[in-house]
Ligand code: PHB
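The chain below stands alone and is given as structure tokens, in the form predicted on its own.
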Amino acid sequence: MATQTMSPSKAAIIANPVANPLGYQTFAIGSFRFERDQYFAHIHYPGNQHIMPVDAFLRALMRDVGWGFFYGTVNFDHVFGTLNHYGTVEMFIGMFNDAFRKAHRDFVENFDSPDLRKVFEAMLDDWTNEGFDPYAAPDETGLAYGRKHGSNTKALKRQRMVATRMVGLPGDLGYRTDIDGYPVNRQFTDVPQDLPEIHAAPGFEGQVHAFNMFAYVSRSDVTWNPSVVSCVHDSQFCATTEEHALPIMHGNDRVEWFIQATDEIIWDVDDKNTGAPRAKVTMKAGDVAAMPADIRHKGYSPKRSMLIVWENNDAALPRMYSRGELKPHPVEF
């Protein structure tokens, strides 16, 4: 099969009203059809199908939905994924897999972002059983397997706490570490919870403030998802908690800066277009790394850790990198 790139699809079959014998609905959009059984997600496309363990598929699907298709490429595995064009999304089989492309087995179809998001959200809700939380670490959730039983819509639609002003200042509703329901995570019991001492100069009392960001982030109930985000124009500074494995391989369309705040993450870094291995990076607390614009990466965190990610949200960057107007790496040594 030759590569196919189609114009954005307007017609989407959201779901098959008749569930399969296991109780799960079938979902389709354009030339893609999605089915699941007790253990696997089956992705059908013209002339073939791809299969993934359903727990891995749902964890990746949760990030794709939660992140709004994210920057660049969300590779669910080495074959299937989405590429964000910020308004439209390409869903692909083998587009970033050298073997698939050489064998002409790759397939790509373009969709309007709201259409694809609607299908993904419905599929995520129907296929996620009671007790399974695709945002949580494996040790914090139930199993995704078996027949259809219940749902976990509350976990899928959890709302982040949003600071209404500088975290911790009077009037802010986001700094709620003292309220039941946001306990310190079981793997962050070594994180000090004390607040900084503030010694303001005379006349500045009440105008100077500080808070314990490590204590704040230690209460995050999700993994591999921004826990705190500060935005200044196009500068986005995200603190996250990471445990086990990043559920996707992220293909960059701009440079990402990583600051390892606690513990350790091991990164597999591959070529974005072919999947060929390029590096293995072990980051310990205090390490800083730049992930280039021409790679994809997947992280492994043996113990729950804190990672700070800095990204430039400038919409012009993807095209500038793709045209070679900017070097894919920010520094040359």
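Residue positions are given as counts along the sequence shown, with the first one as 1. Values in this document were obtained by computation on a predicted structure and should not be read as measured data.
Note that the form predicted together with this ligand isn't included here; everything after this is about it.
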> Among 204-212, 90-98, 246-254, 104-112, which stretch has residues whose heavy atoms lie within 4.5 Å of this ligand in the model of the complex?
Replying inline: 246-254
>> If the cut-off is 4.5 angstroms on heavy atoms, which of these, W224, W127, Y216, F132, is the one near this ligand in the model of the complex?
In response: W224
> Of the residues A41, A293, L307, M62, which one places a heavy atom within 4.5 Å of this ligand in the model of the complex?
Replying inline: L307
>> Please tell me whether the candidate spot formed by F32, F80 and R117 is one where all three residues come within 4.5 Å of this ligand in the model of the complex (heavy atoms).
In response: no
>> Does any part of Y300 reach within 4.5 Å of this ligand in the model of the complex? Heavy atoms only, please.
In response: no
> At the 4.5 Å heavy atom threshold, is T240 in contact with this ligand in the model of the complex?
Replying inline: yes
>> Taking this ligand as it sits in the model of the complex, is F258 in contact with it (heavy atom to heavy atom, 4.5 Å or less)?
In response: yes
>> Heavy atom within 4.5 Å of this ligand in the model of the complex: which residues of 46-73 meet that condition, in order?
In response: W67, F70
